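Before any questions on how it binds or moves, here is one chain, the form predicted on its own, in structure tokens.
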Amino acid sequence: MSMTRAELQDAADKAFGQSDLAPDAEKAWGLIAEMGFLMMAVPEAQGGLGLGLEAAGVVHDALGRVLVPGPAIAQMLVIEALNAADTLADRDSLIERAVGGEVMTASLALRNSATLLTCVPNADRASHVLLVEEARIALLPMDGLTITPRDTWDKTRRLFDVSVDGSTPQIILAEGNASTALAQRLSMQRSFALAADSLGGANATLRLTIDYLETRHQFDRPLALFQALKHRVADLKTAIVAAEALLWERASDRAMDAITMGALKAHACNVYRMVTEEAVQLHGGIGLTMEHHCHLFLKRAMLNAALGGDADHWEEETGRQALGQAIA
């Protein structure tokens, strides 16, 4: 990268670090576009910054720390697909619109059909939706498509189901072998983004918990001085740091495949869920109230764990891959 990870993290912290949890969606989306976060992975030849996966990870980590709503992950999937469509006549125009903040969305579910896309963020505001199939990847105008909102526990993301009409015009981005390869890259990018979002949220939750333990007193002493609580917090920090090390190692490994990245996502989401569940317990009675910030992080952790394939799926895929390699 021409910019270091620390420089990017500093910029992201300045943009969102002082925000309230789950900030206003429209303002946050405008800031994401204004800061150039959507063009991080776009090659310089196409007007982007060409900073790659690591830069995208910094952005998603920052968005996860304050539970920024919106379709950032889906938008970056669309931009990645447009980058690959080098024979598309108006590709540059579409990329320019996408990095400028025009909402183009995509499903965050593991599997979809040619007629129904599930778990599509902000479909009600999008101009296009990305259709990913084994033999074809296309961009569909939203005009005329039927959308159905999904009632989710986590209110920081608005998800929809999109019914695809066979008569809908399609902008073909890739077909055949090119489509298969691009679908693998999109799966990797989705898993990596969810992993970064999860570890950003895990760090923020732990910071919130430590602040509480340092403030709350019992027997005239801060709870943070109680050894049993310190050990629990130390265990959570160890789990986060280990998962972060794996995240940044995977970001720079060009030999990654969709299964390995999916395993990373499953691990990061497990850490996020463990931290948020422990945070609720460590906050005592106040942590059990639905209005507390711990619950906002817990709900996002549960949704992240389900999007893009759950841990059972990726652990089974990883096991099958390892077995195949062992007997090859």
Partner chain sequence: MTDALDTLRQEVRLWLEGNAPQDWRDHCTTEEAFVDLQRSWFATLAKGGYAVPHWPAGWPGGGRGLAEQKVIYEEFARADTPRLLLSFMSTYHAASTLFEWGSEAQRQYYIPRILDGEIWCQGFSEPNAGSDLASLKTRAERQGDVYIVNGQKLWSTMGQFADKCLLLVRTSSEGAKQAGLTYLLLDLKAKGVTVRPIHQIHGDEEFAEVFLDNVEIPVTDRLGKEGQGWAVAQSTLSSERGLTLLELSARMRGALWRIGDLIRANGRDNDSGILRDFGRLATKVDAACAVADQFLANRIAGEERVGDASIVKLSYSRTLRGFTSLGLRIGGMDTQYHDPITFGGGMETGNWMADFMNSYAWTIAGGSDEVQRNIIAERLLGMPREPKSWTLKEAVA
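Positions refer to the first chain, counted from 1. Note that the coordinates shown come from a computational prediction; the quantities given were computed from them, not determined experimentally.
Heads up, the form predicted in complex with the partner chain isn't pictured, but that's what we're talking about next.
Quiz item: Hey, with the partner chain in the model of the complex, do Ala245, Ala263 and Glu315 all fall inside the 4.5 Å heavy atom range?
Solution: Yes, all three are in contact.
Exercise. State yes or no: in the model of the complex, is some non-hydrogen atom of His217 no more than 4.5 angstroms from a non-hydrogen atom of the partner chain?
Key: No - in the model of the complex, heavy atoms of His217 and the partner chain never come within 4.5 Å of each other.
Exercise. Give a yes or no for Asp235: in the model of the complex, does one of its heavy atoms lie within 4.5 Å of a heavy atom belonging to the partner chain?
Key: Answer yes; at least one heavy atom of Asp235 falls within 4.5 Å of the partner chain in the model of the complex.
Quiz prompt | Ile210, heavy atom within 4.5 angstroms of the partner chain in the model of the complex | solution = Heavy-atom contact with the partner chain at 4.5 Å: present for Ile210.
Quiz item: For Thr115, is any heavy atom within 4.5 Å of the partner chain in the model of the complex, or not?
Solution: Outside the cut-off, so no.
Quiz item: Heavy atoms within 4.5 Å of the partner chain in the model of the complex: which stretch among 168-176, 118-126, 225-233, 185-193?
Solution: Within 4.5 Å of the partner lies stretch 225-233.
Exercise. Note which of His283, Arg273, His292, His267 lies within 4.5 Å of the partner chain in the model of the complex, where distance is taken over heavy atoms; exactly one does.
Key: The residue from His283, Arg273, His292, His267 that makes the contact is His267.
Self-check item: Listed residue (Glu134, Asp86, Asp143, Glu249) with a non-hydrogen atom within 4.5 angstroms of the partner chain in the model of the complex
Solution: The residue in contact is Glu249.
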